[in-house]
Ligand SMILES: Cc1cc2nc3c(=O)[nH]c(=O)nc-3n(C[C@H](O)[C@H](O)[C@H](O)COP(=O)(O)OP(=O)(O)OC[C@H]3O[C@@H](n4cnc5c(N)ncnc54)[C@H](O)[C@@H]3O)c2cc1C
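Listed next as structure tokens is one chain, alone, in the form predicted on its own.
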Amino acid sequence: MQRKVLIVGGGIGGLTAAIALCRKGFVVEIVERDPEWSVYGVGIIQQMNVVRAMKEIGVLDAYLSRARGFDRTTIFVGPGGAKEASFDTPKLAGPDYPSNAGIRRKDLQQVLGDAARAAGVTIRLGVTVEAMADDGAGVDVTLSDGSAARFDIVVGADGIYSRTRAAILPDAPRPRYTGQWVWRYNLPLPADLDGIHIFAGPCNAGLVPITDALMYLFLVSEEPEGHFQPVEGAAAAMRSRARMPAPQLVPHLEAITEDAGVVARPIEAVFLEHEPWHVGRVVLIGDAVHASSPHLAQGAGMAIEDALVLAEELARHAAPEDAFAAYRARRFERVRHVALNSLKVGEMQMGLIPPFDVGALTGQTIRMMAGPI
């Protein structure tokens, strides 16, 4: 008999889990609270482990048709923009595919959503979970539209402010503000941008290709808790956050002119380091467990890997709790590295801890991400 899975949340992690579980023979339904299924943000960096994962779930060609692939990472330091390092990362999906990719978030959701539906996933928009009753043999779920159903497994993929986490682990750590904001803006892709360009201090920023015609510029700023940025004046506000920018950034910063094009948000984080990631037949993945700051560009990557590992372990184990324990054991060290070290980079940028070798940390992270999941 096929096992039925309810996934709460139709974002990157939830959609990847749905595809991976369907490929393992599960019957999957997603409930997503946003009736418009809108997508936050402009673009996203997808490193080599994500490109490998897209191949594993069978969507790589569709994914790359909407993305901009690249192999090279270049790092510049200081107000003068001196080149410190430039390197290619491993091609984990094979020699015919790029190592990394940038993609618009709405395009990524489109690719994953199309693949999920093609795999047979039922996606219900504007619906939330109102109640769950786990009797050990299954979970009875009541939904906000008045319907009810029984599932073998419930997966909470509902983000940093996960209602699923709150329901099963009410005493778990809550998200906290890190002290920084990240600002993003789409711009035309320069002909000479051959990959991601990262600029380190005092203006911490980057340029990321996302299509054959577009890139996005991101920068990080320190803001007081409770800061609010209205749409009006957002372009000038973003430009003002670039303290002593490297000369390579200046013309791009000057092109930030449309308030509505600015996407800015506080950087928040949560990590269930000492808590379980499941209770009974309900399990958490992605930002519901380990929302990290963007400094290592692996937040989405960790959610995607979670999804693949969870599907593998559920297919391998008859008892869900055995699968959940194996999933956490496999994922823990990788997500801990990303969660804690991403925060560490931000703390250094804010002067809260002494400077350290971010290049060495980047190399360590690349080696870890290139390893098997």
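Fair warning: this is a prediction, and the values are worked out from it, not measured in the lab. The first residue of the shown sequence is 1; numbering continues from there.
One more form of this protein exists, namely the form predicted together with this ligand; it is left out here, but the text below deals with it.
Undergrad: State the residue from 100, 204, 298, 73 whose non-hydrogen atoms include one within 4.5 Å of this ligand in the predicted complex.
TA: Looking at 100, 204, 298, 73 one by one, just 298 meets the 4.5 Å heavy-atom criterion.
Undergrad: Scan 104, 239, 184, 91 and let me know which has any heavy atom within 4.5 Å of this ligand in the predicted complex.
TA: Of the listed residues, the single hit is 184.
Undergrad: Sort through 57 to 65, 312 to 320, 42 to 50, 342 to 350 and report the only stretch with a non-hydrogen atom within 4.5 Å of this ligand in the predicted complex.
TA: Stretch with heavy atoms near the partner: 42 to 50.
Undergrad: Is the gap between residue 305 and this ligand in the predicted complex 4.5 Å or less for some heavy atom pair?
TA: Close contact is absent here: in the predicted complex, residue 305 is far from this ligand, nothing within 4.5 Å, heavy atoms only.
Undergrad: Is residue 369 close enough to touch this ligand in the predicted complex, meaning at least one heavy atom pair within 4.5 Å?
TA: Output for residue 369 is no: heavy atoms all beyond 4.5 Å of this ligand.
Undergrad: Hey, in the predicted complex, does residue 5 get a heavy atom within 4.5 angstroms of this ligand?
TA: No, residue 5 is distant from the partner.
Undergrad: Check residue 277 for me: does it contact this ligand in the predicted complex (non-hydrogen atoms, 4.5 angstroms)?
TA: So residue 277 does not count as contacting this ligand.
Undergrad: Who in 18 to 38 is close to this ligand in the predicted complex, meaning a heavy atom within 4.5 Å?
TA: Contacting residues: 31, 32, 33, 34.
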